[in-house]
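The form predicted on its own is given below as one chain in structure tokens.
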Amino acid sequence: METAVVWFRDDLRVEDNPALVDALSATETMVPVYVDDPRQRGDTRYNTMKRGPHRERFRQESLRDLRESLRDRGGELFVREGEPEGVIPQLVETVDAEVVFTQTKPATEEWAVETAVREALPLTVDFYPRWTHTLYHIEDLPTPTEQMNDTFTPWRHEVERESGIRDPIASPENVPMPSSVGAVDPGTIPTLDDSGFEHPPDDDRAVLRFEGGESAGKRRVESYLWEGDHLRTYKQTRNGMLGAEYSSKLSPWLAAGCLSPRWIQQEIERYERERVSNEDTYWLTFELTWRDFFQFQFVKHGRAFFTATGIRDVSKHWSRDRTVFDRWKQGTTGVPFVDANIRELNRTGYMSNRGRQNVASFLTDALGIDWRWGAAYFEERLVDYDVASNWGNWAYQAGVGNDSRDNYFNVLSQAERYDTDAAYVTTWLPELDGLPLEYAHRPWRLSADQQTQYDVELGVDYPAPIIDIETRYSELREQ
């Protein structure tokens, strides 16, 4: 075959990109393209946006970086706005391509778009999807996905014992394009203004300014692993709340496909050879395997992950009180650990893993709000949103997913354990900065005289709690 169209999706990189490399092997020339689908900026059934400004900015920066990488190799990234099932067949006809290579993903919307593109192509055009986004390749799993264990630990043990991780594929030196594209407009990468987004604020409290693109992702690996030498203590520090270095923070680049998990694993192994190999260094591999688990679970269970009853068909009574939910998503519940995390999310597009578990538990266990509302809000706000990780983890916390236990996080004891000096809550809730430590996480215990003494009036300077949270946890313990 002479010409391939390479359709980039959530694989915005040239290193270890099977769709790109296989196209080079199968054809003489290629036309790389990214389709800016307006449906990804629309509203959801939960009254949220599909993609908010932080992730949109990251995506646009990633596209600019990918275009530069392809141009450095003699290629180009063509950018089109529209629905892929209309854009891809039209481009195939324009450049007279015989084949389309692309990334495949298991989530329902992504799969539906892929199917629509395949069906819209002429019968004479081949369509080759490639699995590109996990540490373990789907074809290398010891048990097929439809039979895999729904509990992470036994699945992990089986995979680590019986499977292997493929070596990453080197980036191509050249990206040859057909001469016919010389007259084809490469298209403009949209800006936030073009897409109708407000510019997200820059906040010096943010753990990191997440810059999109493969180049920026590799710089983060260099900074965290090699310059900072932080991997040797990763497991010990990963539950931190403030600062750039308590965890790797590679998730945004993984979610957009700017970095391959296999390439990251290669760097981990090099670090273990050249620096140190211990439980902390393994734990980053462990986290990549957790990420894999949900990707493969979505292959197995598909649409069930988006239902109220989840993959285990667990019926619970969920409240749909919009006023209560709005206070949660605005960070005005009156529970400092919850509010601080939500305000960080809203300002920066990011929240620690510890924070995510706690705010999810508070919404579902303490307030009883439909867990899908929270998952949809994270989809809008998170810079590192990944469909399988997000919805899988929310279902897990809500008790309808992969964990059969009906457990909850006590956000008060969690706050006192992981924010012992209240530095995190007072960073994001400066109105509580003058409180003694014993009240910073439980300001409702302040007497009227103490509120006057510390110049914090509940209901005015900081919200009164949305519920009696201490009583609520007593009730949960008794259930």
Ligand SMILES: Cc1cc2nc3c(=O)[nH]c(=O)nc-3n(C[C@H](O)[C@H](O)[C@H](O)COP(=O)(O)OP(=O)(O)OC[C@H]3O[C@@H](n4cnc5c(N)ncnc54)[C@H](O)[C@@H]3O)c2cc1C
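Quick note: we count residues from 1 along the sequence shown, nothing fancier. None of the values given here were measured: they were computed from a predicted structure.
Heads up, the form predicted in complex with this ligand isn't pictured, but that's what we're talking about next.
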May I ask whether 31, 73 and 171 all come within 4.5 angstroms of this ligand in the predicted complex, judged by heavy atoms? no
Please determine, with the chain shown alone, which of 391-399, 94-102, 272-280, 73-81 has non-hydrogen atoms within 4.5 Å of this ligand in the predicted complex. 391-399
Please determine whether residue 195 contacts this ligand in the predicted complex, using a 4.5 Å cut-off between heavy atoms. no
Partner contact for residue 130 in the predicted complex: this ligand, 4.5 angstroms, heavy atom: no
State yes or no: in the predicted complex, is some non-hydrogen atom of residue 290 no more than 4.5 angstroms from a non-hydrogen atom of this ligand? yes
Should residue 238 be counted as a contact of this ligand in the predicted complex, where contact means heavy atoms within 4.5 Å? yes
Please identify the residue among 250, 376, 216, 135 with any heavy atom within 4.5 Å of this ligand in the predicted complex. 250
Can you pick out, from 351, 259, 175, 363, the residue that has a heavy atom within 4.5 Å of this ligand in the predicted complex? 351
Pull the contact list for 365-384: residues with a heavy atom within 4.5 Å of this ligand in the predicted complex, in sequence order. 378, 382, 384
